[in-house]
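Shown next as structure tokens: one chain only, the form predicted on its own.
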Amino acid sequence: MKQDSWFRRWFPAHSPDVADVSDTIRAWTTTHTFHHSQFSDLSRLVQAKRQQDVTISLCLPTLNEERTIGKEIVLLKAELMDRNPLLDEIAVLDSGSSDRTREIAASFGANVHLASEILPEEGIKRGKGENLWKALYQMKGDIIIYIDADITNIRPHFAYGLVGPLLEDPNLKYVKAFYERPLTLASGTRVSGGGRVTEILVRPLFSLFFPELTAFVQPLSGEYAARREALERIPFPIGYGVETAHLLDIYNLWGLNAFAQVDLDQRIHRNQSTHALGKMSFGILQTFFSRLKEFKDCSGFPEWAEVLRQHQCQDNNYEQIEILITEDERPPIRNLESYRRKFGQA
């Protein structure tokens, strides 16, 4: 039997009806896609929060973000804690910054935590996903908002736009951001662009295997909000694959209608090199195919390598670089006895 026979055996028999998928996506987009301005009445959101008796935490995962972290905390704290008590806490989960990220964050009133000091008995791993996972243990919120710390045009709607749908629809479990992502170039800012890994890798993969998930405008966006009850049930890749894993795992457990997406208008941040995007793509592929093996009938699925090979040229000498990328994962955090004790689940 040929090595790729798992694909030949599985794919034709499980191809979804194109018309049905298209109808599902159109219906979901109509009812589950919002603009942040729909939730700009903060008094209404605060009232809904109080009526539901829920707490809301904002997590900012960081690594050397001294240039932007202060502005993010000042704006979000002033509008969403001091003026309008929507957020119960703002916390920085830091991967071990060598700059002044933690010092600046603390000076502006955020709770600052070093990821390596949280759950030390579980060992120390490096990566954004590690910070997001440990935030579930460290933070108290029934709803957790994650916002990247490198955004130069941060506004309060980045947070309230994401939490609004969760407060207004108890059936939702996870809300994803999308936005225009300008590419900042030497010649200035270009209006369109960005989302390169999404359009070249993730959207084609979703189109092949999970076509309903192509409904997300930006499945890899780093801004989202979710209910603790959902996040604690899913594993967290520690690195590049965490956003992809969230969508696949929650979709597998609760289906497309557990999600919503919100237009945040525009997000300006630093852009990564093509080589860096290659590393990201390699980690995402590992995460994706591990779920494909788990969710689909993929017996005989071939093992994959963990070494990414890239090329560089210096002084007309071409060299291949080998990079070991292992997309390690943390288990669902509710599996930890210490977590269950802390949150009254023991």
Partner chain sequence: METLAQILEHFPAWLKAALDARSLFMSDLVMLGEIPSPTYGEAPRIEFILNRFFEAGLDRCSTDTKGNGIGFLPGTHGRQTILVAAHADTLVTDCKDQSIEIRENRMIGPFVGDNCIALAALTHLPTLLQNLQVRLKSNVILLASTRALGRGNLEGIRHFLTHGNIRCDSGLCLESVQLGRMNYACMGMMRAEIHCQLPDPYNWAQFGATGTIIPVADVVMRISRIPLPKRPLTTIIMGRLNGGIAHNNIAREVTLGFEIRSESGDILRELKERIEDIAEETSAQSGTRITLDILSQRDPGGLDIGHPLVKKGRSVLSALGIPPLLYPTTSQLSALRDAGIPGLTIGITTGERRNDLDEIDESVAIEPMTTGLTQLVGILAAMDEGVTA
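Positions refer to the first chain, counted from 1. What you see is a predicted model, and the numbers here were worked out from it, not measured in a lab.
One more form of this protein, predicted together with its partner chain, exists but is not displayed; see below.
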* Is every one of I250, L253 and L292 in contact with its partner chain in the predicted bound form, taking contact as a heavy atom within 4.5 Å? -> no
* Structure fact -> Partner-free chain; cross-checking its partner chain in the predicted bound form, the single residue of D88, D263, E79, E122 with a heavy atom within 4.5 Å is E79
* Quick one: from D169, E117, E103, E229, grab the residue that has a heavy atom within 4.5 Å of its partner chain in the predicted bound form. => E103
* Asked: Does the 4.5 Å heavy atom contact test between S107 and its partner chain in the predicted bound form come out positive?
  -> yes
* To do: Could you confirm whether P156 comes within 4.5 Å of its partner chain in the predicted bound form, counting heavy atoms only?
  => yes
* Asked: Would I200 sit within 4.5 Å of its partner chain in the predicted bound form, counting heavy atoms only?
  -> no
* Partner contact for G70 in the predicted bound form: its partner chain, 4.5 angstroms, heavy atom -> yes
* Asked: So which stretch, 169-177, 216-224, 71-79, 123-131, is the one near its partner chain in the predicted bound form (non-hydrogen atoms, 4.5 Å)?
  -> 71-79
* Sequence-ordered list of residues in 32-50 near its partner chain in the predicted bound form, where near means a heavy atom within 4.5 Å -> none
